[in-house]
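The data below hold one chain only, encoded as structure tokens and taken in the form predicted on its own.
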Amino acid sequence: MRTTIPVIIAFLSGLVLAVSIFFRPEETVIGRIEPELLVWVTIIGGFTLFLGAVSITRVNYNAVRRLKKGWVYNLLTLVSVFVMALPSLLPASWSPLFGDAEGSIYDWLFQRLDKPMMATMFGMLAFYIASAAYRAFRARSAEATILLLTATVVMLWRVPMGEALLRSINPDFPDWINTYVMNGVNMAVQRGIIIGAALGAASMSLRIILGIERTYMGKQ
């Protein structure tokens, strides 16, 4: 029963959502079921976020309680979670420091701690990307040479100084890059990736609906 009931629920929910696309909500019952199921998806998503908060609290608490290696960082994680979460959950009518509006504790921590840390993380990531690009864009073959030249031109086009340099060569150069490289070759590659991802998502959804894929229940 613990396996059968979730498979039946997944099958019926997936089947209804797939079939309801072909029916008008204002005329058929099955068409009106789709928005109701989407509401339940949002509700279940909220519970998964709650379970994630419980999980991160339990894991870090156990690490702090047992004084594992690096437990100080686990303690900082716990403090950060509760200091950010608790004031934002309290109603703003109690105090202007509660909630997530401008001037609240949550807003102050987000603007002065979270955003600078995210900027630092992405700034460090840029150096790793540049390092990987240097190793990948070596002109060892004709294809690698084309990739190197295209990447150089596109990176010049994305920064004001580079765009000014390209316009000094030819005023229409940046527009040509936008038309033929970004909206041409790049768009074709992106569409191929999107089509492949969509086919993969459709096949995985079909496996879940038919009960073949059961990893969401902890089954291998």
Partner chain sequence: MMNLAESLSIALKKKSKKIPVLINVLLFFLLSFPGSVTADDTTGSAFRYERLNALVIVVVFSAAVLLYTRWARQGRPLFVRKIPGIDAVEEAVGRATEMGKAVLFIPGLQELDDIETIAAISILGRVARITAQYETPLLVPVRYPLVLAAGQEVVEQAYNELGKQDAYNKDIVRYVAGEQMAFTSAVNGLMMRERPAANIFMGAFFAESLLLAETGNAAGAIQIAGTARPEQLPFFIAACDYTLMGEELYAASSYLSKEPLMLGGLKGQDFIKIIIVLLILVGVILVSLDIGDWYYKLFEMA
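Predicted, not measured: the structure shown is a model, and the values here were computed from it. Numbering follows the first chain given and starts at 1. C-alpha atoms forming the largest set that superposes within 1.5 Å between two forms make up the rigid core.
The same protein also exists as the form predicted together with the partner chain; that form is not shown, yet it is the one meant from here on.
Next on the checklist: Within 4.5 Å, heavy atoms only, which of 82, 128, 108, 94 is in contact with the partner chain in the model of the complex?
Outcome noted: Of 82, 128, 108, 94, the residue with a heavy atom within 4.5 Å of the partner chain in the model of the complex is 128.
Next on the checklist: Using a 4.5 angstroms cut-off on non-hydrogen atoms, would residue 124 count as touching the partner chain in the model of the complex?
Outcome noted: So residue 124 counts as contacting the partner chain.
Next on the checklist: I'd like to know if residue 65 sits close to the partner chain in the model of the complex, meaning any non-hydrogen atom pair within 4.5 angstroms.
Outcome noted: Heavy-atom contact with the partner chain at 4.5 Å: absent for residue 65.
Checklist entry - Going by a heavy atom distance of 4.5 Å, is residue 48 a contact of the partner chain in the model of the complex? => result Result yes; residue 48 sits at the interface with the partner chain in the model of the complex.
Checklist entry - Contact between residue 118 and the partner chain in the model of the complex at 4.5 Å, heavy atoms? => result Contact check for residue 118: yes, within 4.5 Å of the partner chain in the model of the complex.
Checklist entry - Can you name the residues of 26 to 41 that have a heavy atom within 4.5 Å of the partner chain in the model of the complex? => result Going through 26 to 41 in order - heavy atoms within 4.5 Å of the partner chain in the model of the complex - the hits are 27, 28, 29, 30, 33.
Checklist entry - Core aligned, does the CA of residue 78 move at least 2 Å between this form and the one not shown? => result Comparing the forms between this form and the one not shown, which are aligned on their rigid core, residue 78 does not shift its C-alpha by 2 Å or more.
Item to check | Did residue 147 shift 2 Å or more between this form and the one not shown, C-alpha, core superposed | outcome: Yes: residue 147 shifts by at least 2 Å between this form and the one not shown.
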